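Taking the form predicted on its own, here's one chain by itself in C-alpha cells.
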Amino acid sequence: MKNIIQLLSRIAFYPLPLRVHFFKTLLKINKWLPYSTRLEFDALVRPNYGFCIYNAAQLAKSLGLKRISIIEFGVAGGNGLVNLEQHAEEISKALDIEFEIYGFDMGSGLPNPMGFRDMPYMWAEGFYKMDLNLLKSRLKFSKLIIGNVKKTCTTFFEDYTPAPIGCAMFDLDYYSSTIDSFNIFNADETNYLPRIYCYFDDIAGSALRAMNNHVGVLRAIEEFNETNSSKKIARIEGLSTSRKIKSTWNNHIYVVHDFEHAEYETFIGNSHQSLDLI
C-alpha cells in the first residue's frame, strides 16, 4: 500500500508534467546525445554537479587553461565523488580539458557540533561515516583528503600542488566545518579561477530544519561575505529563468567572486555583438 501511495503522489504532485519527466528519462538513457544537450534538459544524474563543472571548464578554456581542479567538501559514503568522476570524464571529452578531483572528509563521520550555529538539533557526531576501503575501490582518479578541514585546507596547496580550482561542492552540514573550508579561498589567486562555481547542499530543508541566515551553511556564507572586501560568495540570481528545465537545485548554485583576481575582468563573451535597426 505504501508503494502505491508513493507512486500516486508522484503522478499527482511531481513538479514537472509527466511528459517532461518521460522526455528527461529518454534523454538520460541516450548517452550518444551531446553532454551539453543532456545537461540543458537536466537529463543527468546530479545535473547540479554537471552544471558547475561544465561552466567552470568553459571559463577555464576562455582563460587559456588546460586543466582545473574540482573539490567536494563532505564526501560521506562517496556517491557524489563517484558521480563527479562520471561528469568529469564526459566533459573532458566534450571540451578537451583535464580535471583533478579532490574529496575532503573526516572519514569517521561528523565531528561534535560546535554550538548552536552547527544546528545540533539536526546533526550529530558520527553521521555519514565513510567506508574508506570500499570507496577507494570505486574511485578511478579522485584523491581523498582525510582529516578536519580546518587543517587540511591550510596545507592543501602545499601538499598536492593542484590545478587551479574551478568548482566546489559543499555538503559539510555544519556552520563550523563550512566556514573552515572557506580557508581554501585564501590562497594565491593562481590557485583558482576568478569565479569559482559552487553547489551548496544544506541551504534549504524541511520545517524542522528551519534553515536561516543565522545558523548553518547560510550563516557561514554571510560571515565570509562580511569579513572579505574583495571576495564574495553570491547566488546566481535568476538562474532558473535561463534553464530549459527549472529545478530546485538552481537556487543552490553560488559563485565565489574574486574581484581583485588578475583575470576577473578578462572578456569571455562573444567576440562581437550588435543590435541592428529593424
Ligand SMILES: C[S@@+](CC[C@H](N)C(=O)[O-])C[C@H]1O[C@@H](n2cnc3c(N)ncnc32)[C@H](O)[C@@H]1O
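Throughout, we count residues from 1 along the sequence that is shown. Note that the structure is a prediction, hence the values are computed from the model and not measured.
Omitted from view is the form predicted in complex with the ligand, to which the following refers.
Chemist: Name the residue from I196, I71, A88, L172 that puts a heavy atom within 4.5 Å of the ligand in the predicted complex.
Modeler: Here the answer is residue option L172.
Chemist: Going by heavy atoms within 4.5 Å, which of 93 to 101, 140 to 148, 156 to 164, 185 to 193 lines up against the ligand in the predicted complex?
Modeler: Heavy atoms within 4.5 Å of the ligand in the predicted complex occur in 140 to 148.
Chemist: Would Y49 count as touching the ligand in the predicted complex under a 4.5 Å heavy atom rule?
Modeler: Contact with the ligand, yes.
Chemist: Give a yes or no for G109: in the predicted complex, does one of its heavy atoms lie within 4.5 Å of a heavy atom belonging to the ligand?
Modeler: Residue-level check for G109: yes, a contact with the ligand.
Chemist: Tell me, yes or no, whether L135 is in contact with the ligand in the predicted complex, where a contact means a heavy atom of each within 4.5 Å.
Modeler: Contact with the ligand, no.
Chemist: Contact between V75 and the ligand in the predicted complex at 4.5 Å, heavy atoms?
Modeler: It does: once the ligand is placed as it appears in the predicted complex, V75 has a heavy atom within 4.5 Å of it.
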